[in-house]
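Before any questions on how it binds or moves, here is one chain, the form predicted on its own, in structure tokens.
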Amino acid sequence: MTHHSLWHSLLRGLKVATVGWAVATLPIGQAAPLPDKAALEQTLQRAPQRLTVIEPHLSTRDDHVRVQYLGWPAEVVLDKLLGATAWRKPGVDVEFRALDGYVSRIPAERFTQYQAYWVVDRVGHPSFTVDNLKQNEKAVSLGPYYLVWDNIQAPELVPEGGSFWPYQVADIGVSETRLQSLLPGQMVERYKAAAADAQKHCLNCHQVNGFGGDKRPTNLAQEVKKLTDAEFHAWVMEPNRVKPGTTMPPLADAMPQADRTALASRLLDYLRAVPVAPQPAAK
């Protein structure tokens, strides 16, 4: 059974009060499957608009490729699907679960700082796909939904690359487990920024003690402690050189090299410091 099928099996027993497709009461920590495009458009009562972004999966540091999509402002969709207050609470992440096990947990405050769009089609392209050059993947399906950011009006987002750009989004929810999962004990003051970097760049696919994605659910709190400095930097900076053909993208390769190296060092320091949670006893 795929992750997506398993997730929907678990959700079949979840009782979620809805008005149309708008989720009226979705408990913190739970996610719900999304309506299809036609149902969402009917619920929103507005057609998707055209927008242009610098597509991070097609771009390099020196070549910014612009792509047009059709979609709605993310805040409009989130208000309709999650309710206007639940996802805006301090400390809450909006959780986007993809068909392949990728889980993007995006701090709610980012949506008030930057403009995001919930897109459903690629303008002038025969299909709703993109080549993910950094992961050695061609014609990757972006549907059902793809979250993109207006990195033209906010060019400071361009160096982030594809972080917080989840595609194949099929389930959505809200979560507030970030701090206790990533910053146990007295770690919060020293490592808060580094934990946020790990959430953005690493924990969409990997995990720290169970917090993160299911695409490659390696516990980085455990595995990174086995690596030397050189091994860790090689893996995150040039993963395709360490393992040719890997789908792991290089770390923030749109950033200047010095910034990438500094980011890798912060991540390594944090992942070595965070304690490995004890495994539950076998029943």
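Predicted, not measured: the structure shown is a model, and the values here were computed from it. The first residue of the sequence shown is number 1, and the count goes up from there.
From this point on, the text means the form predicted in complex with a small molecule, which you will not see here.
- With the partner omitted from this view, the residue of T129, S181, Q135, Q115 that lies near the small molecule in the model of the complex is Q135 [heavy atom within 4.5 Å].
- Think of it this way: in the model of the complex, the small molecule has a heavy atom of just one of M255, L58, L227, A234 within 4.5 Å, and the residue is L227.
- Using a 4.5 Å cutoff between non-hydrogen atoms, R241 does not count as a contact of the small molecule in the model of the complex.
- Put simply, E223 is close to the small molecule in the model of the complex: some heavy atom of it is within 4.5 Å.
- Although the partner is absent here, L271 lies within 4.5 Å of the small molecule in the model of the complex, judged by heavy atoms.
- Mapping the unseen interface onto this chain, Q49 falls outside it, with no heavy atom inside 4.5 Å of the small molecule in the model of the complex.
- For the candidate spot formed by L40, L142 and W165, no residue has a non-hydrogen atom within 4.5 angstroms of the small molecule in the model of the complex.
- Screening 198-206, 183-191, 75-83, 169-177 for residues having heavy atoms within 4.5 Å of the small molecule in the model of the complex returns a single hit, 198-206.
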